[in-house]
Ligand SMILES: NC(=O)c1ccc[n+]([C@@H]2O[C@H](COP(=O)([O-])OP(=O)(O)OC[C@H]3O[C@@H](n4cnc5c(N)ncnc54)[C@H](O)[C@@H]3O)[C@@H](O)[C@H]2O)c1
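Shown next as structure tokens: one chain only, the form predicted on its own.
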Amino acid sequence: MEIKGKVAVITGAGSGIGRATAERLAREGASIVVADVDEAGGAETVRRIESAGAKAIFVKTEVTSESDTRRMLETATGKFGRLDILHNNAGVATGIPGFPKAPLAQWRRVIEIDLTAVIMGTWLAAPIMEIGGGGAIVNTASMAGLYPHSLDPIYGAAKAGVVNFTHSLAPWASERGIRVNCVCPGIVDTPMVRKGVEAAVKAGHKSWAPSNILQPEQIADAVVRLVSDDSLFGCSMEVRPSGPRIVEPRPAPGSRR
């Protein structure tokens, strides 16, 4: 996909990976809908994009809300006339206390934001993209969704669901003209990660942040590749400090990718 002239919606774009991706796609020539619950952070992302000469608008969005998600996508078509790219990026971790001490509401919200909202965003965006001739969806998963994650098994389970959901939508590329991929970063230097490390240390645990931590811009680079490379669909892209690696889905017995 040629990104210049396209319209992109990014959730969780008020900071971290979402902000880095919004700025990178804007530099590539896309108009950006910045979606987040954090109004101040979202406004700052818009300011940064506009100061660089690109177009952006903020929509306050709770990604677990169907009405908010619909409004977010309708803003893209209403303001910019189309919807070409969706980055389902908003996410949270379980935090302290971890599972199984965390109460039901605390860990259930992880599932709702990290998995259910990804499915809902994709569900609502698909018919809009089909009308426009297709599009590209990138879901933020995690390496925790590819490998066991004992530090936060609920987060790992949600991200594993995102990976499988993404791989299962590989046929959309030919059936609907919509390529769905996911990016699976290692530990990234974001506000969420920094707060999680601080909370863990405060609770008496050892810091789990690596010395060679990924930067949000590295993940944004991976997202741009997944958006722009038309040969990629139904894939995961691991992002490690050593570089990215494409993980293609394993076909079901008797099926063809």
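Each residue number is its position in the shown sequence, starting from 1. These numbers were taken from a predicted model, which means no experiment stands behind them.
Absent from the display: the form predicted together with this ligand. The rest refers to it.
Novice: For the three residues Leu73, Ile85 and Gly134, which mark the spot I'm curious about, does each lie within 4.5 Å of this ligand in the predicted complex through at least one heavy atom?
Specialist: None of them does, since no heavy atom lies within 4.5 Å of the partner.
Novice: Whether Arg108 contacts this ligand in the predicted complex should be assessed with a 4.5 Å heavy atom distance threshold; does it?
Specialist: Arg108 lies outside the contact set for this ligand.
Novice: Quick check on Gly29: any heavy atom within 4.5 Å of this ligand in the predicted complex?
Specialist: So Gly29 does not count as contacting this ligand.
Novice: Does at least one non-hydrogen atom of Glu50 fall within 4.5 angstroms of this ligand in the predicted complex?
Specialist: No - in the predicted complex, heavy atoms of Glu50 and this ligand never come within 4.5 Å of each other.
Novice: My question is simply whether Gly121 lines the interface with this ligand in the predicted complex - judged by any non-hydrogen atom within 4.5 Å.
Specialist: No, Gly121 is distant from the partner.
Novice: Quick one: which of 98-106, 178-186, 165-173, 122-130 gets within 4.5 Å of this ligand in the predicted complex, going by heavy atoms?
Specialist: After filtering at 4.5 Å, what remains is 178-186.
Novice: Using a 4.5 Å cut-off on heavy atoms, which residues of 127-158 contact this ligand in the predicted complex?
Specialist: Counting only heavy atoms within 4.5 Å of this ligand in the predicted complex, the contacting residues of 127-158 are Thr140, Ala141, Ser142, Tyr155.
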